[in-house]
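Just one chain follows, in the form predicted alone, and it is written as structure tokens.
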């Protein structure tokens, strides 16, 4: 059990020691000792702020494209391919000696208006062209790709729980296998991932998606599709039911199929926690510690990625500005605060990595 005192005092206070110096662990080094890769999503914010980029250099082993490779950002119009932000991430990773993970090739959400106006045949053509051109541009340079993101969304009320959108409307569920086969044909070295949301929560939402994802994985494997990993986003929701031992069993099921599991977009929505900052940060760290203590006990888990590193750049800040969550306060879901100072969450993550290391030695 992680004590509140440990979370709020020394473990965090000295965390900014350079990674090459003797002293406290970085997230990357603690993860590496546990047989894990630790990374974080990154975007232009880091390239506009040298202190933030230094945080990535020190604390991570992997840079994950945040929005740069999403279809709507990459292709705002049919004749525009805006590779500059993604190229900057790949180039920075090469210069800094980091791995790169691509997010995401195919997602039915947030499709640009121009794509929705095309016929089904034209959508199929764009689908194939998009995968070939994007994967081809970075072939041999990426550790892994989120090939298909969030295939299920029961709220869309489609048979089978599928998320609706242009790809699904044009091809039905066959778009998933088509995406994996085409990506593998262009870059046979990258690990190809099926990424899904909310499986970590034990409410109706998470419970409804888990069997759908498991069934899709089984069908893909039965067909011989090139699937290597399952991404479980793990945006932990403080207000949702949870049963993390049961979730660990779910994770183990993918490992038994020979698949790696990636905790692919980790953070904690603190909306249901107390307003006082220190108390809220401790609650975030405790929830994260509980989750990681369970899920990292599964040997299938090979990668942990936070969605950004600093609260200042969390996607929850934009959600809060739109008044979709929160109580008139700024969310604090990540291991570093607005000024890039380490928080109790960072200490909880390092403790969880160290616990996995100790467990592996028994």
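Since the model is a prediction, treat every value here as computed from it, not as a measurement. Positions refer to the first chain, counted from 1.
One more form of this protein, predicted in complex with a small molecule, exists but is not displayed; see below.
| task | Considering only heavy atoms, tell me if residue 233 and the small molecule come within 4.5 Å of each other in the predicted complex. | result | Residue 233: contacts the small molecule in the predicted complex.
| Residue contact check: residue 138 to the small molecule in the predicted complex, 4.5 Å heavy atom | No, residue 138 stays farther than 4.5 Å from the small molecule in the predicted complex.
| the small molecule contact at residue 150 in the predicted complex, heavy atom, 4.5 Å | So residue 150 counts as contacting the small molecule.
| field | Residue contact check: residue 59 to the small molecule in the predicted complex, 4.5 Å heavy atom | value | Answer no; every heavy atom of residue 59 is more than 4.5 Å from the small molecule in the predicted complex.
| Residue (of 107, 168, 273, 244) lying close to the small molecule in the predicted complex, criterion heavy atoms within 4.5 Å | The residue in contact is 107.
| request: Scan 336, 307, 63, 38 and let me know which has any heavy atom within 4.5 Å of the small molecule in the predicted complex. | output: Checked against the cut-off, the match is 307.
| Which of 142-150, 89-97, 211-219, 186-194 sits within 4.5 Å of the small molecule in the predicted complex, heavy atom basis | It is 142-150 that comes within 4.5 Å of the partner.
| said: For the three residues 248, 250 and 293, which mark the spot I'm curious about, does each lie within 4.5 Å of the small molecule in the predicted complex through at least one heavy atom? | reply: No residue of the spot touches the small molecule in the predicted complex.
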